[in-house]
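The form predicted alone is given below as one chain in structure tokens.
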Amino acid sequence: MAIRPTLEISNTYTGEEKMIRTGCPSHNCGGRCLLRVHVRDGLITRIETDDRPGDTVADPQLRACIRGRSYRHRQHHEDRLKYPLKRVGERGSGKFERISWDEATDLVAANIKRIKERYGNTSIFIPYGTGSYNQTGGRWSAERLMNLYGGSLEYYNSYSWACISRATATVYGTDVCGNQRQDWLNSKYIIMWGWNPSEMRDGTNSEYFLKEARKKGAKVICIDPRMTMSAVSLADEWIAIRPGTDVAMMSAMAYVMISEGLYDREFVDRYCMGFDKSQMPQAYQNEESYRDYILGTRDKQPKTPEWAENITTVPKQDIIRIAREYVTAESAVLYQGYGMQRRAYGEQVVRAGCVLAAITGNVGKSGGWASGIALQAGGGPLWNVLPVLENPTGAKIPSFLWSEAVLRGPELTKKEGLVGVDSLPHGIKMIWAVASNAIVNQHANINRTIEIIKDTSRLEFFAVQDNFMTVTAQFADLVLPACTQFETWGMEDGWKYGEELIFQPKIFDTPWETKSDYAICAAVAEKLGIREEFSEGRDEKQWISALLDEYREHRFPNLPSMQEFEESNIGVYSRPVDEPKVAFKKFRKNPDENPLPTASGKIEIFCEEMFNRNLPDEVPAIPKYIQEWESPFGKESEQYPLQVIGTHFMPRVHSTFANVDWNREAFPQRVFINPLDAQARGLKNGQKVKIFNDRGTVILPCRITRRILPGVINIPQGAWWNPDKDGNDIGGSVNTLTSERWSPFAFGNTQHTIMAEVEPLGRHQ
């Protein structure tokens, strides 16, 4: 589908201008920022960000990035969905007719009833999606509705965090293992491992705290296949590493620490389980310990820096130096990004990072960091708080395996992540995608996915609720036009980090025939005879008022009321962090009185649950480097020698903002390739090239740059798939190339494990 330009917005206005403070409709960018939206004559004239006085470490401003500041061109885009649409051609043909809301809600309600009666509630699925992401927007309303009507097939984990959330808990028994970020200023050494907060926004202000830590003397190292914006602006040194080999480098660092006697022996002896033979659980005394693996006691391969250099491309002297610097620092942070766990065996890199944090003694310590997913100790976010109620079915699948549940649902078992029920008798028969482009554009192997979606004998009804005719919406039976977050009432919290709540007043009336996600679900609930139970007599504004009262009672005693937020136009309530909380501080002080929520009460380097999976080559009980199923070291590299990564990208939040002209002009979609790889293929900068493997072909201009490791190319994720007459994707969606395989323990997506080839366009044409 061609992306049309944004509606030309006039710069000539006649009425009085108003400024409204609101939360950025972030769509899951990883942060929550304050916007100052200037409005005149019913149009946004400009958008600015937080203007609160001062910029302190305890309570810094919530400054928006280019995505939030460009929202004017998304809000007033000429391609906004305006009316309900019903498919009249084949799925994916793009042929729709306008219908009324009465007919549209009849269709949704009738299909919910039909599917429930014929197949049962577990055949209805509301997928993962974050296109609208505040306390009243997005999928929460649809989930609440379904739970009042007998439930549906739920998902667990996410495309973002599947491996890191699951694997972190195998070590610590919890995801809450991060100190509050103000404590980074007490660190002396910070490793940004595969972490790029300058683009993907892992908590508003993370960049600010890193800069302040450097001012106080912390050394910052960035380990990444790319010289990212974060490496350039936040780090003292960039270390280029081959994708998918991070565990090899971590293991070699552990080898240096152990062989040189540098690791924190006292901490390991008191707080850890599984480090060496003396610490193994009673029933596993004869199994391989972490020390055994690192020193090669059983496999006869010590994990030396020389061994790791051949795998990672990182020079052995750098591995040795970084290991020594990290372990000898007074306090140190190893912060893990999420891209490296969206890979084959992504659980291993998470656990390996946690183990390095443990054996260096940085757990439960000010200025230290336990690694893993590192949810914030103390405040933490208020995830999806519109009450969704309990799901009567109890059935859940991993978020990434929805396509398998459509294709072969009755075959899924516990071994593939099904929980709550023994089987899905009929698989998924209806999908209601609310604010989600994950069904087609953001899912893996787009060409395969489309064939699954187009099969009406399997997926009998497919409704999409969104702001635009996204790639996913093109394949729907029914398209429901949702309003934007500027056109309804909402509220958002500090995402993963932060002690704040941002108020989102309704700035504009809903245009055309759009409705809020909540209002659409309320209309469907009425057709199902459960509107009163669904709404409890509240509209969006009344829900926000009630939630503010709830938060004030249980967490923020000084939180303003709805009326105070409206009258003051302050936009945000934030609570300063003067004494940052440290995760596991009590455990470190007295592990006997404050054990971890693990089976042993200690940090579990050896995981009994993983051992009992009985998959030692894929799910080892101790963190190990495992060669990926698509790898430069495998036979597949003979045909497809280049590793492909699909990174987060400054102009987009996943696929949201992909149709905003300002952002596309500033950051055009290209494939990034190293000069050595370009020269070997006879490529020139800006030339159109084919990137291909057995799953599909993408055609894009190339950007030749030394800021990416040789042997690696980057196609930033989120661009909208757009096939030419031959089926080649000229829109630039990396998921044309990605694999539908999932990780073996967490059942997470592995969409960064890709091999492909690049050649000049026209070589074989």
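On a predicted model such as this, the values are computed, not experimentally measured, just so you know. Residue indices: 1-based, along the sequence shown.
Just so you know, the form predicted in complex with a small molecule exists too; it's not on screen, but the next bit is about it.
- Between the small molecule and the residues Pro723, Gly711, Gly30, Pro60, the one pair within 4.5 Å by heavy atoms in the predicted complex involves Gly30.
- Only one of Thr598, Ser403, Ser123, Ser160 lies close to the small molecule in the predicted complex, with a heavy atom inside 4.5 Å, and it is Ser160.
- The stretch that touches the small molecule in the predicted complex, counting heavy atoms within 4.5 Å, is 466 to 474, out of 466 to 474, 545 to 553, 274 to 282, 315 to 323.
- At a distance threshold of 4.5 angstroms between non-hydrogen atoms, Ser331 is out of contact with the small molecule in the predicted complex.
- The small molecule is not drawn, but in the predicted complex it has no heavy atom within 4.5 Å of Lys496.
- Contact check for Ser141: no non-hydrogen atom falls within 4.5 Å of the small molecule in the predicted complex.
- Proximity of Gly244 to the small molecule in the predicted complex falls within the 4.5 Å heavy atom cutoff.
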